[in-house]
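Take a look at this one chain, the form predicted on its own, written out in structure tokens.
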Amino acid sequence: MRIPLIRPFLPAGTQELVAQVLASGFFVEGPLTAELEALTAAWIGVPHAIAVDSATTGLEMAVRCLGIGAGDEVIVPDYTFPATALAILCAGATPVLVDVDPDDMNISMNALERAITPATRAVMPVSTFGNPLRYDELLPLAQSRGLYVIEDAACSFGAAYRGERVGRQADITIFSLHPRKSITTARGGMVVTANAEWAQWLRAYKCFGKGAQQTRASTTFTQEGRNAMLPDVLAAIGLPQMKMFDGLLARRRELARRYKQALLGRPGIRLPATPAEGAHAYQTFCVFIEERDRVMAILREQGIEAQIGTYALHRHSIFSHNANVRIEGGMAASKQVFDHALALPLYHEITEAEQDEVMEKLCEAIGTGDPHS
């Protein structure tokens, strides 16, 4: 595509840093992975950040860490990438799908409350596309019902609520480092928590259940685990981005501001809502339109990579025909959001001219004319 949906940004020096790792021969869980963890924890303001091989792995690890498994339920929004619910299934627990808010696309508080049963152990909300949750509603509800909060913040690195960066609110928060995200290591995820006991468990689990060690000969394996370590060579890709993340985030928000300024109030286009005290990270910039698929096809024919937002899980057989999944409610909002959400190109190096072309072609396809008129 002439104007892709996303193009990862690799700052100067990235290739040299990767080459240094390759020359060192120390490819996995080396000093650069540790540095990326430390910088992430410091930027968010949490004591513990654990790098893993993917956000999906991180979600499953969080469920297991909290002792959630067979016979337990975890409530998730229906409008999300399948990894959210699949991580719960992989841990042996039951995902309970509930509807979302039609305006901000995040989990519906009313639907969440109605879905709680004696078997519910946790809620796994998704801060959709970088849009922060309404934590002032979510956290008191979860605490009053004795539920853990595991936030799927795959898209939300950089988002904030009431001045507090996402990653500080939930019991355990998981970010993605996929190439489409604001920071990428090509593949990977980051799990953050304030709980030292959980952090120790997570660190051991991702390394075959290995306990603290001084030498190879003194290694002990103290718990269940797997190989979920982030290679140092991948951490080398993400480190230069992390070191300049404030600028990357500011650029993304400025691009989103340009979209909003030109598209707000245009006939046939509706913009998603952000909580009044929330700061969106804009991993994805979405609009709601009628005839989404027709408009998306027109844009693609012109070299503009528009895309659907994400998925309505209840429409997929792995969830709708699975005895280990509970679908709670009719999913009216999830259906509406899925059918009408369109993601527009947004990446660090997109030019204003390219962004203007995206908006012009979008409005032409909808039939509303020049967005700058």
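Heads up: residue numbers just count along the shown sequence, starting at 1. Computed from a predicted structure; not experimentally measured.
Just so it is clear, the following notes concern the form predicted in complex with a small molecule, a form of the same protein that is not shown.
Exercise. Kindly confirm or deny that S182, T184 and H348 each have some heavy atom within 4.5 angstroms of the small molecule in the predicted bound form.
Key: Zero of three within 4.5 Å in the predicted bound form.
Practice problem: Let me know the one among H178, R168, R134, R121 whose heavy atoms come within 4.5 Å of the small molecule in the predicted bound form, would you? | Solution: Contact residue from the list: H178.
Quiz item: Out of 154-162, 287-295, 245-253, 270-278, where are the residues with a heavy atom within 4.5 Å of the small molecule in the predicted bound form?
Solution: Within 4.5 Å of the partner lies stretch 154-162.
Quiz prompt | Contact flag, T94 vs the small molecule in the predicted bound form, heavy atom cut 4.5 Å | solution = Heavy-atom contact with the small molecule at 4.5 Å: absent for T94.
Quiz item: I50: heavy atom within 4.5 Å of the small molecule in the predicted bound form?
Solution: Looking in the predicted bound form, residue contacts with the small molecule do not include I50, since no heavy atom lies within 4.5 Å.
Quiz item: If you check in the predicted bound form, is S54 within 4.5 Å of the small molecule, heavy atoms only?
Solution: Flag for S54 set to yes.
Exercise. Please run the contact check for T193 against the small molecule in the predicted bound form: heavy atoms, 4.5 angstroms, yes or no?
Key: So T193 does not count as contacting the small molecule.
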